[in-house]
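One chain comes next, on its own, written out as C-alpha cells in the form predicted on its own.
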Amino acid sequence: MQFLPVLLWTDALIWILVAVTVAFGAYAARHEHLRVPWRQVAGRPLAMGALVVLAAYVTLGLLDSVHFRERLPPVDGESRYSPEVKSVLDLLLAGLRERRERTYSAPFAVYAHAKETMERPDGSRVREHPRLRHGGVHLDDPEARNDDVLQRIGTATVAGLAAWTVIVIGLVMWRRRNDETWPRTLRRLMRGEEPVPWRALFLTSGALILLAANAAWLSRYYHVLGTDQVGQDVLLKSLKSIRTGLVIGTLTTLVMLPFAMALGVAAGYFRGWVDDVIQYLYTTLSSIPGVLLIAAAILSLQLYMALHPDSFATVAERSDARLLFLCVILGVTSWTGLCRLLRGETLKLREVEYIQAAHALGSSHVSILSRHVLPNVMHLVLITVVLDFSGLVLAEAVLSYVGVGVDPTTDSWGNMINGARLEMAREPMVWWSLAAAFVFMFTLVLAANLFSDAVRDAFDPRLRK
C-alpha cells in the first residue's frame, strides 16, 4: 500500500457534517414546506453568486480533509511510512510546496525582497538583491518580466474562457427544451426567465474559473502572492488556511447546537424550576469574559501536550487536537445566544391552540416537543447557524492574533495576520501576507453573509411575503 490513510478528529467530524447536510437536503426535497423557502433562496441572484463562491471554498476544504502518510522504502522488509501527514490538496499543490525560496520575495518578483552580501567574480563584495531560485528563473532577461507576465495572463485567460464556454454550453444543453434553439435557450437563461438566476451563476463561475486558471498557470513560473520569511509560497498558505476557517465556522456549530436546542426548548416548555436553573446557567456563563475562558482552556491544553508528548504520534495530530479543542471551547461559550432565542420562541409556542389541544388529548411531552415545538423553531436554528459562521471565522483570526488560537504550525489566516505584525514593521515593508489573508477571509465572510441574508429572509416567518 503506497499510502497509509490518516483520519484526524476534525476530518471525521467534517465528513459527518457533510453526510448530515446531504441527508437534510434529501429530507427537505421531499417536503413542500421546506422546498418553498429554499426555492426563494435559489431565486436571489446575490445568494446564488455567493453560493458558487462558498462551493469553491468548501471543495478546497474537503480536499484538504483527506489525509494520508506516504510510504517510504522498506528497511529489512518492514514497511515504513513518512511521519509527515499530507492531504489530497497537498498533492494538487505539490509544485507550490516544492518551489521554496530562501526568504521573502514580493508577488511576481524575480529578485529577493531584501539585499544580501554577494561576491562578484573579481572577489569584491556588494549588497544586491539576489535572483530567486524558482520565481522567474525561466527568464534570461529579468527586465522582460512584465511582458512575460502579461503574455501568460493572456494565455491563461483564453484557456479559462474556453473552459467556461464548455460549462455554459453543457448547462444550455441540459436546460434546452425540445422546441428551442440553443441561442433561444441561452437568451432565456440570461434574461432571468427561469426561477433560478442563471446569469448570476454564469458570471460568478466564469470569474472564479478565470482567477483559478490565471493563478494555476502563473504559479508555475512566479510566486503570485510572494513568499514568507521561510520562503514558503503565500498562495499555498492562503489556500491551506481555508480548511481551518471552515472547521472553526462549522464544527463549532456541532458543539453549540445540542446545548442551545436542548436547554432553550426545555426552559421555554417546562418553565418553573427548570427555566430558573437554565437561565442561571447561561446567565452565569455569559458573564465570564469569553477570551479569558478560551485562553485558560488553550493554555491548559498546551500544558497537557507538553507533559504528554507521546499521546500524539505526528505534528498533524497535535495541531488537530488543538484545533478541535478550540472548536469545543468556542461552542461552549457561544450557545447562550441561541438558547435565549429558543426559550422565548418556545414560551410563545406552548400557549398556541394546537399544543394546548395536544395536551388535552393526552400527548406526551416527548411527542409534543418532537412533533410540534422543534419543527417550529428550526428556522431560528438555521438562521443562527448561517449568521454565526462569519463571526466564528473572524473569531479565529482574532484569537490567533492574540496567541490563543490554533497551533502555530497550523495554516490559518489568523496565524498569517499574527506573523504580519512584525513584517509590516520591516524596511522594506512586507505587506503581501497580510493582504492575502485579508482578501481570502473577506471573500469567504462576504459570501457567507450574502447567503445567510437570503436564508434569513426566506425562513423567518415575519419576513416572508
Partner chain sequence: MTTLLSVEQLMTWFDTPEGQVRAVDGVDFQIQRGETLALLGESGCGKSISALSLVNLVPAPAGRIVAGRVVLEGRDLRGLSEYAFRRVRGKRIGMIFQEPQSALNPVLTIGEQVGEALSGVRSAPSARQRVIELLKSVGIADPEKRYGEYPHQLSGGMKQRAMIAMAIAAEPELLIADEPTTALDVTIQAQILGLLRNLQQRTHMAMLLITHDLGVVAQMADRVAVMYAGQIVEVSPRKEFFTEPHHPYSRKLFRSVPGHGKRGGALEVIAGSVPDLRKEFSGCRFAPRCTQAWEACYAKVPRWIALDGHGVRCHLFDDAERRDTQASPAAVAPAVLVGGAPQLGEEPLLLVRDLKVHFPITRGVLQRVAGYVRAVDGVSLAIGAGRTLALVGESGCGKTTVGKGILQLIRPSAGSVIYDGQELTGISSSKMRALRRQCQVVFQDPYSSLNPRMQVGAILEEGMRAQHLGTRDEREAHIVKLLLRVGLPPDARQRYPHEFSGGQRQRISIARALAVDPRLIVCDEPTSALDVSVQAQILNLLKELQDSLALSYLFITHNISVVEYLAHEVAVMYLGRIIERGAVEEVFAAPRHPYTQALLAAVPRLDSERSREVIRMAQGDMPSPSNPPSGCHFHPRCSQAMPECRVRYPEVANFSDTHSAACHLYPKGPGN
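Fair warning: this is a prediction, and the values are worked out from it, not measured in the lab. Residue numbers count along the first chain shown, from 1.
There is another form of the same protein, the form predicted together with the partner chain; it is not shown, and what comes next is about it.
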Counting only non-hydrogen atoms and a 4.5 angstroms cut-off, does A306 reach the partner chain in the predicted complex?
no
Would R176 sit within 4.5 Å of the partner chain in the predicted complex, counting heavy atoms only?
no
Would you please decide whether H359 lies within 4.5 angstroms of the partner chain in the predicted complex, comparing each non-hydrogen atom pair?
yes
Check D122 for me: does it contact the partner chain in the predicted complex (non-hydrogen atoms, 4.5 angstroms)?
no
Only one of 350 to 358, 97 to 105, 138 to 146, 163 to 171 sits within 4.5 Å of the partner chain in the predicted complex by heavy atom distance, namely 350 to 358
Looking at P375, P74, P289, G192, which is the one with a non-hydrogen atom within 4.5 Å of the partner chain in the predicted complex?
P375
In the predicted complex, the one of S219, T314, S390, S363 near the partner chain [non-hydrogen atom within 4.5 angstroms]
S363
Residue by residue through 13 to 36, which ones have a non-hydrogen atom no more than 4.5 angstroms from the partner chain in the predicted complex?
H31, E32, H33
